[in-house]
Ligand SMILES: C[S@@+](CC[C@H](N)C(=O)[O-])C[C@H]1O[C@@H](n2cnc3c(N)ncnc32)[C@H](O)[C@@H]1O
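Given as structure tokens, the chain that follows is alone and in the form predicted alone.
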């Protein structure tokens, strides 16, 4: 996905103005999941509760939504959204600070053996991007953090950049970030850190912008976008987490249960596609993408791809 879009809508919060998170491909997700009243659904990336609250309304008062997220700071937003949905006749809900790769433990702790639906919205939420202190965005000056889970991941992006080898950095930028100037950027970061530690988002962004050719500095996509995304994915082991999470989700899905995932990165989408191709009866033969109206309203939707499959056998 690209960085925060300045045109996104905003709302006042206790910590100042934040962007309102708009769930991507929401009607399409509801259709793909084929939600029925009374079902149990796990939203493994519940975030601010945009998708989960809509799912709760579809499941009705006898349904159950279990929301997991490894970002503890975002769970109060989900609780607010799901409480409103519950008050309007929506499903009961339980929230847990946990990765979706820990879905089996979360369900076991609740005394639940299996679930009917699992949903994953991969990537970074608008609320995370808007917090300068989290260090996800080069649009705001803040500490170079980028951790999804600050309580359980001791190594932030600044620490990662201090120790990563030049070769590994180039690989991450090139393979994960799909950055064509990966070599130049990696060398520039290594040279910069030799002079002084890179500790802020704007410091890193400046190094990256200076490293690319002048003609690449003023395109539609900011020159630091791919590098920031790649470093974030590496710091949080997001691709490994996805592989572990898909396998765990499949183990807890009931017979005829459905797994749906929205990916924003080509490597994420490839992992989801391959997983469902090998195991599932696919609901979506091709990825579902956002229409022109949604993309105009919510630029984050431009790179979103929804895939869904049914668990027919063990």
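Keep in mind the model is a prediction, meaning the values are calculated, not measured. Residue numbers count along the first chain shown, from 1.
The discussion below concerns the form predicted in complex with the named molecule, not included here.
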query	finding
4.5 Å heavy atom contact, residue 90 to the named molecule in the predicted bound form	no
4.5 Å heavy atom contact, residue 50 and the named molecule in the predicted bound form	yes
Contact of residue 46 with the named molecule in the predicted bound form (heavy atom, 4.5 Å)	yes
is_contact(residue 230, the named molecule) in the predicted bound form, heavy atom dist at most 4.5 Å	no
Triple contact flag 169, 190 and 208 to the named molecule in the predicted bound form, non-hydrogen atom at 4.5 angstroms	no
In the predicted bound form, the residue from 161, 129, 122, 173 that sits within 4.5 Å of the named molecule by heavy atoms	122
Position in contact with the named molecule when the complex is considered in the predicted bound form, options 74, 235, 144, 82, heavy atoms within 4.5 Å	74
Region of this chain that lies against the named molecule in the predicted bound form, out of 107-115, 92-100, 198-206, 182-190 [heavy atom, 4.5 Å]	92-100
